[in-house]
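A lone chain, given as structure tokens: the form predicted alone.
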């Protein structure tokens, strides 16, 4: 069955979707993106994802091409058109549009390019959840505005490939001696039974799953703190977690070939994983109105 995508106002088969070679996304990586998980046909925290998308657009001075209601309508239509898979990952990309190659912005009359597609949402297997994964560390070589979800992801690609080259699941990034995030995930640690999360700033992307995990900690009496995490605390942590919309909450049990904690998913990870799955069942699949950050 052919996948339907959205491109500049039209719904069409993926193989028919094309853009001009002078699109600034292709030429400069001049654009932003967003990824929305969909459970049982229902986009999760869509308003929050669209708010993050709007913030990214504003940060790079691209006008938001659609209203909130228009975004909701297009995304819901695409999700239901591609209902041959119930759980989906909706990818949204907006570039500054098509213009002659010039680093300066084109005239304001140039229309942004809007592309949306959906893919199956594949979450970790039970075997992977129970075993945990391995990771490496590397210097954070990205630019200074990592809070913008920009499509120019070459640094992330290189860091992710380092993980692949080492046969591990993720690369954790260190900047000036402190943990920022993973190449495609947020990272949290557990220290003496307390959950610690790096603060949101220009060096990390504010993750929706990161928010959910901290909300679940707050609601269930799990002690947590949002504060800078030094490299030494990361390496001495009792537990290290990886969070993202596709990986959910996953234990990192080996870091740079050194065992983390007991070398198995720790007790707090197991509790949070259970809470997350219950939340997924009760809330993500039964869309309760939510007005969070």
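Just so it is clear, the structure is predicted and the values come from calculations on it, not from any experiment. Residue numbers count along the first chain shown, from 1.
Missing here is the form predicted together with N-(5'-phosphopyridoxyl)-D-alanine (PDD); even so, the following discussion is about that form.
Enquirer: Could you confirm whether residue 245 comes within 4.5 Å of N-(5'-phosphopyridoxyl)-D-alanine (PDD) in the predicted bound form, counting heavy atoms only?
Expert: Contact with N-(5'-phosphopyridoxyl)-D-alanine (PDD), yes.
Enquirer: Determine whether any heavy atom of residue 97 comes within 4.5 Å of a heavy atom of N-(5'-phosphopyridoxyl)-D-alanine (PDD) in the predicted bound form, and answer yes or no.
Expert: Although N-(5'-phosphopyridoxyl)-D-alanine (PDD) is absent here, residue 97 would stay clear of it in the predicted bound form, with no heavy atoms inside 4.5 Å.
Enquirer: Does residue 156 reach N-(5'-phosphopyridoxyl)-D-alanine (PDD) in the predicted bound form if we count a contact as any heavy atom within 4.5 Å?
Expert: Contact check for residue 156: yes, within 4.5 Å of N-(5'-phosphopyridoxyl)-D-alanine (PDD) in the predicted bound form.
Enquirer: Heavy atom to heavy atom, is residue 28 within 4.5 Å of N-(5'-phosphopyridoxyl)-D-alanine (PDD) in the predicted bound form?
Expert: Residue 28: no contact with N-(5'-phosphopyridoxyl)-D-alanine (PDD) in the predicted bound form.
Enquirer: Within 4.5 Å of N-(5'-phosphopyridoxyl)-D-alanine (PDD) in the predicted bound form, heavy atoms considered, which of 134, 93, 184, 82?
Expert: Going through each option in turn, the one that passes is 184.
Enquirer: Could you check which residue among 116, 205, 196, 217 gets a heavy atom within 4.5 Å of N-(5'-phosphopyridoxyl)-D-alanine (PDD) in the predicted bound form?
Expert: Of 116, 205, 196, 217, the residue with a heavy atom within 4.5 Å of N-(5'-phosphopyridoxyl)-D-alanine (PDD) in the predicted bound form is 205.
Enquirer: Based on heavy atom distances of at most 4.5 Å to N-(5'-phosphopyridoxyl)-D-alanine (PDD) in the predicted bound form, which listed stretch, 46-54, 256-264, 61-69, 220-228, is the contact stretch?
Expert: One stretch meets the cut-off, namely 46-54.
Enquirer: Enumerate the residues of 124-159 that have a non-hydrogen atom within 4.5 Å of N-(5'-phosphopyridoxyl)-D-alanine (PDD) in the predicted bound form, in sequence order, or give none.
Expert: 142, 149, 156, in sequence order.
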